[in-house]
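For reference, the chain that follows is the form predicted alone, supplied as structure tokens.
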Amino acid sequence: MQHEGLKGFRDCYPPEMAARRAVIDTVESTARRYGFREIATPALERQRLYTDKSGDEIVEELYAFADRGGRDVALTPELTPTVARMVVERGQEFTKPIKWFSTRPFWRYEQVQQGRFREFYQTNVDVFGSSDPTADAEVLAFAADALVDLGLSADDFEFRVSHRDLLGGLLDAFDADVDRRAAVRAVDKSAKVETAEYHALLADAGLSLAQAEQFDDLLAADDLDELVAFGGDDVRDAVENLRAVLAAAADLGVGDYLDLSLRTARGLDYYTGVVFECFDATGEVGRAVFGGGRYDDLIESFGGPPTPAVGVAPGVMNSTLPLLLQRAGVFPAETVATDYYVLQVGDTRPTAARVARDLRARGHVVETDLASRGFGAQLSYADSINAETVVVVGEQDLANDEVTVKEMASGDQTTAPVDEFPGDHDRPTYGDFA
């Protein structure tokens, strides 16, 4: 009986995984250059980690169940609540700011669509303990640099930047009893629904239709001075913070990637300050590639001391980032690569094993025969794994105190003294002995 995988989950075979590993390694390397330190986090959390903040209805979007101890648990749908819990538990042991990153899978029970799966991988990058605009700017700079390191340019992506307190201050300036949470969620949906439906959502949140239209016009104008004039001190403070973040990001060299977009809201309730989303600049990948922002109140809401925080989470597998890389033609090749194949002919295993061991000690990818195959079958296998160089260790070769070094791309080959291979060569090839 043939078994099928679950909907929304993907198998990843070696050629595909090689490409995805290259993406992950690049993003993580960028994070390390900024001084972010790697952490590991559990796949399971107590359900109340999510229901306490988002209500019981969130359970419908989780892989949630009762474990054998009767505890209500869930597979983690995102990392931010987990790292908030970690900071509450042991954050006092670390010098501030705390700068962490991790790459791992997450699970959400939601509709499967292009670039959105039920299991997906993100690299989460967070700063805890700094309210300075430079912290927001550094998170933006990391994200932009990671995309550039992946081969993208300013023509390929843009960050749409806004401020949650600015939105809240504008809503408070209206003479209406507005449900801020519902209104911000309406703003977050504005690009996905018709204008009339968007205005109706704002009206459901407490604005009149006329106020909803005025609010929408204010956001669309992107005129920060006009917003301050309308909203007063609360909006002024948010605008000053937003401008400070944009200025710091420009100093860090990523200002050209940032666009002011006040209709960008981010749907999660815990965001408090600057928020942003990354989009394909050509529009071909229609959905947000990833997003992030400031969440200064979350640590305190989990029982910790007041702790400002800001973060971002690029999706590195089963997400829209690979779609953007593919659209731009910079997604890594889906192929395996091998530096050396050590080919045995006859009773030569001790010497072949020594050669393979010495090459691996130099950090190279090396394969040898595991199935007692003949010369031709081994050579075909070496070709199938894209071996760059084949080292033939045959009985006749050893009788002459040598090995054969074959360059697979050209087919050229020569011999080398067995006692001098690899010898002093860090990466010996055909050209070193021809």
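Please read all numbers here as calculations on a predicted model, not as lab measurements. Residue numbers run from 1 along the displayed sequence.
Just so it is clear, the following notes concern the form predicted together with another copy of the chain, a form of the same protein that is not shown.
Participant: Among the candidate residues M317, V235, A313, A309, which is the single one with a non-hydrogen atom no more than 4.5 Å from another copy of the chain in the predicted complex?
Facilitator: Exactly one listed residue reaches within 4.5 Å, namely M317.
Participant: Just one of P350, G346, G267, G286 has a heavy atom within 4.5 angstroms of another copy of the chain in the predicted complex, so which one?
Facilitator: By the 4.5 Å criterion, the partner-contacting residue is P350.
Participant: Within 4.5 Å of another copy of the chain in the predicted complex, counting heavy atoms only, one of 164 to 172, 300 to 308, 321 to 329, 183 to 191 shows up; tell me which.
Facilitator: Looking at the partner contacts, the answer comes out as 300 to 308.
Participant: L398 versus another copy of the chain, in the predicted complex: is there a non-hydrogen atom within 4.5 Å?
Facilitator: Because no heavy atom of L398 falls inside 4.5 Å of another copy of the chain in the predicted complex, the answer is no.
Participant: Would D419 show up as a contact with another copy of the chain in the predicted complex if we use heavy atoms at 4.5 Å?
Facilitator: Contact check for D419: no, nothing within 4.5 Å of another copy of the chain in the predicted complex.
Participant: Hey, in the predicted complex, is S54 touching another copy of the chain, heavy atoms inside 4.5 Å?
Facilitator: Residue-level check for S54: no, no contact with another copy of the chain.
Participant: Consider L227 of the chain shown here, and say whether it contacts another copy of the chain in the predicted complex, taking contact as heavy atoms within 4.5 Å.
Facilitator: The answer is no: L227 has no heavy atom within 4.5 Å of another copy of the chain.
Participant: Who in 372 to 388 is close to another copy of the chain in the predicted complex, meaning a heavy atom within 4.5 Å?
Facilitator: In sequence order, S372, R373, Y381, S384, I385 come within 4.5 Å of the partner.
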